[in-house]
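Given next, in C-alpha cells, is a single chain: the form predicted alone.
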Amino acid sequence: MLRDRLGRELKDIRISVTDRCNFRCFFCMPADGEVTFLHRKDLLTYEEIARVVRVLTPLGVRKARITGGEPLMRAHIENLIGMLAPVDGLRDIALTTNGYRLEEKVELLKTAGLNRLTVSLITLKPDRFKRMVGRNLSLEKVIRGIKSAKSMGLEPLKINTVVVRGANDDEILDIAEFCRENDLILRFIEFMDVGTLNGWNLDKVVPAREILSTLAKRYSFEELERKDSSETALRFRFRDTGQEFGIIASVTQPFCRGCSRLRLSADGKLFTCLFANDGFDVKELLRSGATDEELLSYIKDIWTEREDRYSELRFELRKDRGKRVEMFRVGG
C-alpha cells in the first residue's frame, strides 16, 4: 500500500467525467452565466481515464466512484464503466448522480458493470425542488429513477441529502421516512465550504448532532462501528427496521486522518483534497507519450508528499482561503 506523510493509504479514486450539470444547486454550482465550462477537447477520454485507473490499482486503489458535474450528461457513460469493470484489482465501481436521467440509463449502467449507485435527493417538495435546483424540472422524474434503480437490483442504493439551514432542514424526518419506506440507505451531509462560489457560512450548517436530535424525536437508533477507517460517514441503524443511515460531518467532525481518496477531474488534474487550490496535471503526461511507469512514478510522488487535512484546520485556513477548486469541477 502507498502511504502519504500522515500514513494514509491510497485506496479510492473519484473520477469527475464532466463539469456540466442539468441542475444549479446553489451549494455546488453557480448560476448560469457565472461559469465557463470545459470544451470537449479538454476532457479526458474514457480510454485515458481507464489507463489512469489501471496504473492506480497496483498502488492500492480498489474502488472507483464516477462523479461530475452530473456524470449522466456525459455521452455513453456506460462505455467508461465497461472499460473499468475488467481492470485487475478494481473491486468496486460506483456512480453518484442527481437521478434526473437515471430512469433511461440504469439498465445500461448495470449491464456495463456498475456495482453501486448514489442518488442526490435534497427535497421531497416539488416546488422547492425547482427552486433548489434552479430549473423548472420534475422531482417525480428523480423519484422514478431511484425506483428504477431499485427494480434493477442496484443495491444497496444510497441517497445523499445535503442539509442547509433555512433551505431544507425542515425535511429531515420526511426524507428519513421516504428512505425507510423504500429501503434506501440515507446519508445526510453537512453543508461544506467547497470552492468559493457557494455562499457558505457556518450559520447555514446543520451539525450532525442536531440532525441526530431531530431524528430522535421520531426514531430509536444506535451507532455502528466504522467498517473501515477511511469511511466518510458516521453510521447508525434504526432499531425497529435494522436499516442503516449515516451522516457525513466534514465540518463538525472531520475525518481527514482516515482519508484515502484521490480525485481525478474531467480535464485531467489529480487532486489530493476536495478543498484543494489546484491539482496536478496528468493529462499532459497522458498526451505526451509518457509510459505507464512514468505515470505511476508521477502519481506515487504526489501521494507520498500529501499532507492535506483542510477540514481539521478549516477555520485557520479560511483566513487565507484564496481560490479553491469548485465542487462541480472535481466531484464530491
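Remember, predicted model here, so these are calculated numbers, not experimental data. Counting begins at 1, following the sequence as shown.
Not on display, but discussed next: the form predicted together with ligand SAM.
Student: Which listed residue (Asn115, Gln243, Asn198, Asn79) meets the criterion of a heavy atom within 4.5 Å of ligand SAM in the predicted complex?
Tutor: That would be Asn198.
Student: Can you pick out, from Val205, Leu154, Leu184, Ile189, the residue that has a heavy atom within 4.5 Å of ligand SAM in the predicted complex?
Tutor: By the 4.5 Å criterion, the partner-contacting residue is Ile189.
Student: Looking at the partner-bound form in the predicted complex, is Cys28 within 4.5 Å of ligand SAM by any heavy atom?
Tutor: Yes.
Student: Using a 4.5 Å heavy atom cut-off, state whether Asn168 contacts ligand SAM in the predicted complex.
Tutor: No - in the predicted complex, heavy atoms of Asn168 and ligand SAM never come within 4.5 Å of each other.
Student: Any of the heavy atoms of Thr214 lying within 4.5 Å of ligand SAM in the predicted complex?
Tutor: Output for Thr214 is no: heavy atoms all beyond 4.5 Å of ligand SAM.
Student: In the predicted complex, does Val194 come within 4.5 Å of ligand SAM, counting heavy atoms only?
Tutor: Looking in the predicted complex, residue contacts with ligand SAM include Val194, since a heavy atom lies within 4.5 Å.
Student: Report the stretch among 288 to 296, 65 to 73, 37 to 45, 51 to 59 that approaches ligand SAM in the predicted complex to within 4.5 Å, counting heavy atoms only.
Tutor: Only one stretch passes the 4.5 Å heavy-atom test: 65 to 73.
Student: Do any residues of 101 to 136 have a non-hydrogen atom within 4.5 angstroms of ligand SAM in the predicted complex? If so, which ones, in sequence order?
Tutor: Contacting residue: only Ser120.
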